[in-house]
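Here's a solo chain for you in structure tokens, the form predicted on its own.
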């Protein structure tokens, strides 16, 4: 951590389901001046609970977690505590996963196996309110941002009704069905029907894939 950052203690929660990886992260981070590991979690639901309880500055989050994945956990944390910074540390490096994680609110993205120095750089950047992308995934994001609107995705999104577009935009924001129902003054059953219709028209299997299609189509 830099001299400026080390003047304050950065409180970190580690979310990792591999016990050896979790232990290694705790030992590496605890040995750094200016960092205090305040807790650990081994699944997404527990990560959300611990974050709400401990209110850490930084959550180091894996994606492939049991019960609730890291992307969904990030959405829930950011909804309740937007000031908490999320550093993804994962072996998942496909474009869909990277874009979905960033769309969920992740502030930094590191790939497992990276050096401690890079992880610390990601934590410091997030702590200071900036973003950080591992060089291994930075190109994916830059290509995504520079690429023209995906024609096939734009055509698929164009099949949606105005109400379905409104629902899809809220899905991209990570809103749950009850939250979408409240925002749009709809019944929960009506929202479920719209979500099923959206997934059928976009030919996707889950909400994350639907959000990625929306992003590629330039909807948001």
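Numbering follows the first chain given and starts at 1. So that the term is clear: the rigid core is the largest set of C-alpha atoms that superpose within 1.5 Å between two forms. The structure presented is a predicted model; accordingly, all values stated were derived computationally and were not measured.
As for the form predicted together with the DNA, it is not shown, yet the points below apply to it.
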Partner-proximal stretch of 59-67, 173-181, 28-36, 44-52 relative to the DNA in the model of the complex, 4.5 angstroms, heavy atom = 173-181
Would you please decide whether residue 18 lies within 4.5 angstroms of the DNA in the model of the complex, comparing each non-hydrogen atom pair?
-> no
Is there any non-hydrogen atom of residue 9 lying within 4.5 Å of the DNA in the model of the complex?
-> no
For residue 192, is any heavy atom within 4.5 Å of the DNA in the model of the complex, or not?
-> yes
Quick one: does residue 169 come within 4.5 Å of the DNA in the model of the complex, counting heavy atoms only?
-> no
Contacts with the DNA in the model of the complex, stretch 187-219 (heavy atom within 4.5 Å) | 187, 189, 190, 192, 193, 194, 195, 196, 199, 201, 205, 206, 207
Inspect the rigid-core superposition and answer whether the C-alpha of residue 166 shifts by 2 angstroms or more between this form and the one not shown.
-> yes
Flag for residue 209, CA shift 2 Å or larger between this form and the one not shown after aligning core = yes
Core superposition between this form and the one not shown, C-alpha change of residue 191 at least 2 Å = yes
